[in-house]
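Next up, structure tokens for two forms of one chain, structure 1 and then structure 2.
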Structure 1
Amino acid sequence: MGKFKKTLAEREQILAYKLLFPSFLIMLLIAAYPLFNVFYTSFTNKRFASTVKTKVIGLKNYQKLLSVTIKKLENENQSSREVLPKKPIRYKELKRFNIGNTHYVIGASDPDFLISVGNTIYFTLWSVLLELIIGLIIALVVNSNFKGKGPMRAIMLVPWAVITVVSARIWEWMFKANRTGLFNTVISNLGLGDGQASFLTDQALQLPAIIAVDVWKTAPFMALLLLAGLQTIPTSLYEAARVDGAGPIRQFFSITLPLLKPTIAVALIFRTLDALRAFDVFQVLLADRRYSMASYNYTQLIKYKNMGMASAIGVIIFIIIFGFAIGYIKFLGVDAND
């Protein structure tokens, strides 16, 4: 009997592999080939929509994107051009810093790319954190019993349903740097400023503005994911906790948060990977004023026709996203059985 069961299990396993094979073959065709092609193109000087013959140039695209050097300055007013290397790669100033009374300059062969990486990571960390907190609050509210919670759940998804380009245009009007913009009108009427705040041109306000747009749009979707997790928690656990005298805060930290951990992990991974690929909100609201990794990739490909460089950027984005995914899984202790 035991031998028969083992044989049957093995036959079912073989059948499962046979059923999976067509899907695996399709995935190989539609995913593996483009991925291989991007990796290969990243080692060439290929031009987009050009008849120029393509040559393999090795790691030069990656060298151009990632080369960084640090040089000492004689004084804080010295020009970085005097100390940064010009050959074989020309370095441009990325940032200055001081250690004690000694001044240094960080040079990069492509500072715009490194700044776009910093912009994207800053945007990702803050937007995902705020979306998690706001989404969890919304999920807890709509998960409670009150009249009209059905329509409320539908209404909360409206921002997420709006196309990103459309929502970015709406916010662009609200961010206008004069009193025709909503925020400047409110600020002016409350006497908090002159109503001339330049949300989309002031360097200090650009990323907070972009983060606000993303949080407004995506927090409801995060709430929907967390709400699904909340509804899997048995109500009997809360009833038992109330009998034992546990208040709402104790119930949240002892029951809700531990049992919601796998859902939070999935939501964080999903939103983080999505935020790292942010393109449309940056492109619509900031264009060439400030790049994300994806919008810089778009600029290299469409504006400069540099397909080899764009492919190298795509590979670096892939590696960063892969690293974040692995880090999340390890840090949150989520395995395949959760």
Structure 2
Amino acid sequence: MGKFKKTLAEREQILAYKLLFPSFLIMLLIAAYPLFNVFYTSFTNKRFASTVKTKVIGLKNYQKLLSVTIKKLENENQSSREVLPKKPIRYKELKRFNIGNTHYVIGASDPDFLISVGNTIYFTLWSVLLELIIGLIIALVVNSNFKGKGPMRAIMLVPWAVITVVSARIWEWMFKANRTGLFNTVISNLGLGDGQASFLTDQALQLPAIIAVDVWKTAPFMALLLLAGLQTIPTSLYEAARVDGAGPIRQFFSITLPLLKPTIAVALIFRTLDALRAFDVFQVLLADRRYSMASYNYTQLIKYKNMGMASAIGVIIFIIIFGFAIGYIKFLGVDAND
């Protein structure tokens, strides 16, 4: 009996490897070299589409991207150029702050990159949170019984079905800074403003605007995944809960939410990964006015031809994404072995 069990386990293991083989073959074919290439290039000064000879320069790209320093200012109005070091790398002002009456300036050798990291993380946290809430509400509504739920399930996917680049253009068109745009027309019709709000150039409105676009666009993705998760919860559990006298809110927190956790975890991971790599929306709507990590990466590669630098940005994005993914996996407990 013991021997039989062991061979069964062995056979299971072999079957598992056989089943994983196609995935790993595809990965080896298309992912291995490009990913290795990114790591290697990030340590060089390689130029994009150029004949200049490539040299290995070690960690210089990373140093350029990540160097930060804090200096004391003599007074509030002092120019940061007087205090920030210029050698071996030049620092530019990132932000000022004060503790008590002492003023400080934070300098960075590439403030645009650090700002893009901040933009992306702010964008990611807000859009994923809002998508989760809206997606969950939509999934719960669509999962309940009512007339016309078939068409409703198609309607709910429309935003996700509109091509990303095109949906960014639709919103760009709605965001127009005068009353040819939908929002400004509505705002002025309601008497809430002068109809001149420039959503895409006003610093304070840029990120909220882009979060609104992304939430609209991808809440359906979340909703559909969560709907599929809701489907796997046996209805008998709800019947039992009802017999025990549990109300809908109690049912939601003690049945729906715990059983939906694995689906929520997977949906969160993929949405967060996507949001941290957000490119299309930023590039189309804000271009050079405000960067996400990925659109800054694109700018470095295409506009400045700094391929080494762009690769280093790619690696940093990878590390940030990896950190988020591990955090989620540990926090939500979706490891394979449980």
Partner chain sequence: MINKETKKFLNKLLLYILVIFIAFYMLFPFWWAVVSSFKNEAQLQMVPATFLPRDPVTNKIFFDLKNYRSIFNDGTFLRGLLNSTIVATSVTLLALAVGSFSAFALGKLRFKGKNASLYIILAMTMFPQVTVLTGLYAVINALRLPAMASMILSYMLFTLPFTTWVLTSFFKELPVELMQSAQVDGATPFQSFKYILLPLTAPALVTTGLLAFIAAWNEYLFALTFTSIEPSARTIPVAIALFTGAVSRQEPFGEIMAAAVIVTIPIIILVLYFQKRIVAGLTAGAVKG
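Given the structure is predicted, the values throughout are model-derived calculations rather than measurements. Residue 1 is the first residue of structure 1, and the numbers go on in sequence order from there. Definition used throughout: the rigid core is the maximal C-alpha set that superposes within 1.5 Å between two forms.
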Checklist entry - The form predicted alone: 1 or 2? => result 1
Checklist entry - Aligning on the rigid core, do we see the C-alpha of Ile326 shift 2 angstroms or more between structure 1 and structure 2? => result no
Checklist entry - Is there a C-alpha shift of 2 Å or more at Ile26 between structure 1 and structure 2 once the rigid core is superposed? => result yes
Checklist entry - How many angstrom apart are the two C-alpha positions of Leu15 between structure 1 and structure 2, if you fit on the rigid core? => result 5.3
